[in-house]
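Take a look at this single chain in structure tokens; it is the form predicted on its own.
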Amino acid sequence: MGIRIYPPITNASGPLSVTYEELERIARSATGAIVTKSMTHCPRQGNPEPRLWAHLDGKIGSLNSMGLPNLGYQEYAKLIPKLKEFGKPVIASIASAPCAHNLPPVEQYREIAGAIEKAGADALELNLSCPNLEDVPISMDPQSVRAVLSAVTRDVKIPIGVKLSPYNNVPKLFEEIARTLLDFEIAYVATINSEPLTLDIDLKTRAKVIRPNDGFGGLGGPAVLPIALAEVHRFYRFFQKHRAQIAVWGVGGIIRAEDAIKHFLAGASVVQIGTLFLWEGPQAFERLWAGIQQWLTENGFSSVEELIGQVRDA
């Protein structure tokens, strides 16, 4: 069960996607879908400031430990019908986090998914990989991934995507997670979430650039492009080998049209934009899509579909 995104470019859940005003700006842009901030059972203020360092030296990326600030799923359920008026698919990103109601994470995902489907969302994106909470991300434990997917896919009928951590240093875990996904009707895998446990220092103050988690945060932007491409390609090859109808959505490092082209060649059918959107705002989608179309024309291709997974061996 898939979802058609055209143009095949969206915002990544996270930057500038919390409030209705921010989501409306996305809806009015050239993006092919509207992806919400990861919503949790209870509203969250997120981690203390400073929690975002938007421009690492030389614009190699961004560093954050936001802590999932969001309005809570009940508010997003009210906003979804308004967002659907723009005629684009609305993809609701959902996550679990400590909450006053003390529901276990699996129950949080199940309850939110049911309510958001009822509100009219076109798809769900299960964020199993937030690196900036106290607990180890669900995406790092195959049994937890299975438990969440079992609970959500049992009742929800709309397409479901899964946003995952980079597994670049744990190939055995990648294999376990990928095999787990084969047991469920998943529409797509979005990879990667930000590279965790990264640090930067401001030389003017000689201080860590963010405060939460002892200064450690998730890295996004150009610096993670090779990691993201590797994860996209590994999942694409795995799903092709097992003849699984699971798409791969590429996330990470895209600031130029050429970066998106690399994601398509590696196996992505859709790309999501995070740090660039933070830097440039909604006009980034129009610029990238125009650049992608120009590259296709100049290189003799008529569509992105002709590129997907067509990277050659050296």
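All residue numbers refer to positions in the sequence shown, first residue = 1. It should be emphasised that the depicted structure is a prediction, and the values quoted were computed from it without experimental measurement.
FYI, the form predicted in complex with a small molecule isn't displayed, but the following is about it.
Asks: Even though the partner isn't displayed, in the predicted bound form is Gly67 close enough to the small molecule, meaning a heavy atom within 4.5 Å?
Replies: Looking in the predicted bound form, residue contacts with the small molecule include Gly67, since a heavy atom lies within 4.5 Å.
Asks: Contact between Gln108 and the small molecule in the predicted bound form at 4.5 Å, heavy atoms?
Replies: No, Gln108 is distant from the partner.
Asks: Going by a heavy atom distance of 4.5 Å, is His41 a contact of the small molecule in the predicted bound form?
Replies: So His41 does not count as contacting the small molecule.
Asks: Quick one: does Thr191 come within 4.5 Å of the small molecule in the predicted bound form, counting heavy atoms only?
Replies: Output for Thr191 is no: heavy atoms all beyond 4.5 Å of the small molecule.
Asks: Within 4.5 Å of the small molecule in the predicted bound form, counting heavy atoms only, one of 248 to 256, 280 to 288, 262 to 270, 59 to 67 shows up; tell me which.
Replies: This holds for exactly one stretch, 59 to 67.
Asks: Select from the listed residues Cys130, Ile210, Ile91, Ile112 the one whose heavy atoms reach within 4.5 Å of the small molecule in the predicted bound form.
Replies: That would be Cys130.
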